[in-house]
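One chain follows as structure tokens, the form predicted alone.
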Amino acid sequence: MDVLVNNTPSLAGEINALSSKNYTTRYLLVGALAEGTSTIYYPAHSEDSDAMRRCIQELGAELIEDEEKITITGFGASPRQVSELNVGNAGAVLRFLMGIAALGEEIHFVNTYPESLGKRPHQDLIDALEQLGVEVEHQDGRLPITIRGGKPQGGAIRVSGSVSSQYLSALLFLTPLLPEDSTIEVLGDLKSKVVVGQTLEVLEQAGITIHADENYMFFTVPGGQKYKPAEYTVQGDYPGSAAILAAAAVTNSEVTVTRLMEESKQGERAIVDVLRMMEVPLTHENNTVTIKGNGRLKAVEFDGDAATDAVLAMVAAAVFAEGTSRFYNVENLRYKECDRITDYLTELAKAGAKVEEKQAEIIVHGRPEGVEGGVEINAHYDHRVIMALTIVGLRAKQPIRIKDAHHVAKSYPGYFDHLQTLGANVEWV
């Protein structure tokens, strides 16, 4: 389905932030890896988190869910033998479960999204698993992928961090369960380092001990550990909320978003700091962000690596800022559901934005007067691109039609409902 985004001068109202997808998928996984029953309060509901639910059930976890919580009885270090797993379009779920598949005999990961996840690289994780004696059959580092685990023991592992931190997280979930101690050395630059902090936070809550150096470039993991059943509460999601906050910033607004912890380890909380740098009137206290937008913004320069999943929303806000903004150290955006630099900027330009790209940078020449719009644009099946293009549409003089906007459900199924609640003139067509 497509969405038509019409010019919307003002937004007003209060919403609760959706629950964090990143924390939900990690809590689901550690619950499945525990022997016993864990409880997760306020889990996210999205295509990605639902993919993790489905896959851990197929691997032997028992799930009971009501409106408030999920209880999981895990399979520990012994996943059920299954012939194949379908993770949908969820890259993090695939990579985490590739690690866990090493505990089984043989698992085949199918390729149901050849134009999105099917194009994403996983070679660095494959290389690391092969160092443990795991046999991996693949298509030039891409899906479909077959893991033949056998009985990995542990040992010295080296993994590149230059494309994604998810490869490292996959190894951090796996290695505590191996019989022997392991060391993990990260090669090159570690992208999205802050997300590794989220993984370590969840592992500690699950009773796992990992010794990390201060730069997250070398880890010592004692073997023979067991995940403990526990209770977890999922915090509000900054990456999805970034789009709502940016939408409020570019319009005349009074918008409040609750459940956004000031002390969260989510790097995307930087959206609040960036909007402050853009001189957007806002407060952030008692886990609540309130924006009283006036549509006037100043240009910024920002290192986007720590807040990868909020960069596109920041760029959308910068489209209407006074001056030239620069978002640098963002090359890993090229390896997401689409090339979030070239593909995204191509569509922004169609809508009338003045943007430039470099290999690892996005440059935005602000147009405070707004953009023309009046076009149909392709979001490349990417939930973050859909949300960001919607922000631009709110300030376009003519309507913007976003193709296949239903793919926003990958992370934020209620995104357009929330925007409509705040008064945005958006409609399914």
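A quick note: this is a predicted structure, and the numbers were derived from the prediction, not measured. Residue indices: 1-based, along the sequence shown.
If you look for the form predicted in complex with a small molecule, you will not find it shown, but the lines that follow are about it.
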query	finding
Single option in F327, F96, F320, Y227 placed near the small molecule in the predicted complex, where near means a heavy atom within 4.5 Å	F96
Contact residue in the predicted complex, chosen from T256, Q235, S192, S160 - any heavy atom within 4.5 Å of the small molecule	S192
Per-stretch contact check against the small molecule in the predicted complex, the hit in 128-136, 88-96, 341-349, 287-295 (non-hydrogen atom, 4.5 angstroms)	88-96
The small molecule contact in the predicted complex: S165, any heavy atom under 4.5 Å	yes
T175 within 4.5 Å of the small molecule in the predicted complex, heavy atoms	no
S182 within 4.5 Å of the small molecule in the predicted complex, heavy atoms	no
Any non-hydrogen atom of T308 within 4.5 angstroms of the small molecule in the predicted complex	yes
